[in-house]
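Quick heads-up: it's one chain on its own, the form predicted alone, in structure tokens.
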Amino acid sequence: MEKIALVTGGGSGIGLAITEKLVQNNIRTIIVGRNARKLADTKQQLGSLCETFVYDLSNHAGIPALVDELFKLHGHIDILVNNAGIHLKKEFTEVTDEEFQRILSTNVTSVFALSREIVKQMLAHDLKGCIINISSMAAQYGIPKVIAYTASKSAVEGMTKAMAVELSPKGIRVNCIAPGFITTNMSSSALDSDPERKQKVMSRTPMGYLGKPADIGEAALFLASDASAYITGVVLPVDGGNSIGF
């Protein structure tokens, strides 16, 4: 039986790199996102093994119906990659309650709700599988001006461990990838506009260069494959040593 993956935010950046790596390894991959054009461009680029579904995951109430529809269309989902997320760079004292909740809603509640519904279907259909959450270096150590994002990614890492303990006995492994500084459009513009931060990043990265989205794709493929069959509940930094650099 062919494997089927679901990748949120799979139309650009790290999500696109993960989708590309899964498709290259003959895993049918459904990408979910808000931007229909971006999803269509990705499908055209990656071919028939890439399928798209336009949905805004901040609409939590509709997630059960979304998952029902996906299972009706495909019969099973074996791999869930919770990649979609939003960022906010702002002084701590200037972050409003509404902004804080918006980040948590997308980066935490959506991950929880989608994972819950996928797991319900996996268990109902007696399926084994795996969930891969995408965290951030912001959860590994303190970074200024990203309080809401840091809170959200720290929650994702905590949920990964709690989910792994509860779901692994049922045959569903749960792991997390914590990307370091990766050359995406978002990170490149942020670092290029802040030379001091870029110098700091490079000086504490032992490997001496920024990572590529494909590096995260390779890690996701490993965690989705039988090569990691005895790995669950881990947070894997893919960061060129940045989290241990000085």
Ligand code: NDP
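Because the structure is predicted, anything quoted here is derived from the model rather than measured. Note that residue numbering begins at 1 and tracks the sequence as displayed.
The form predicted in complex with this ligand is left out here; the points below concern that form.
> Tell me which of 66 to 74, 34 to 42, 217 to 225, 196 to 204 has residues with heavy atoms within 4.5 angstroms of this ligand in the predicted complex?
Replying inline: Careful reading of the contacts points to 34 to 42.
> Does residue 237 reach this ligand in the predicted complex, with heavy atoms at most 4.5 Å apart?
Replying inline: No, residue 237 sits far enough from this ligand in the predicted complex that none of its heavy atoms falls within 4.5 Å.
> Closest heavy atom of residue 13 to this ligand in the predicted complex, within 4.5 Å or not?
Replying inline: Residue-level check for residue 13: yes, a contact with this ligand.
> residue 56 near this ligand in the predicted complex, any heavy atom under 4.5 Å?
Replying inline: Contact with this ligand, yes.
> Is there a heavy atom of residue 84 no more than 4.5 Å from a heavy atom of this ligand in the predicted complex?
Replying inline: Yes, residue 84 sits close enough to this ligand in the predicted complex that at least one of its heavy atoms falls within 4.5 Å.
> Just one of 140, 115, 106, 121 has a heavy atom within 4.5 angstroms of this ligand in the predicted complex, so which one?
Replying inline: Contact check passes for 106.
>> Only counting heavy atoms and a 4.5 Å limit, does any residue of 108 to 138 reach this ligand in the predicted complex, and if so which ones?
In response: Going through 108 to 138 in order - heavy atoms within 4.5 Å of this ligand in the predicted complex - the hits are 134, 135, 136.
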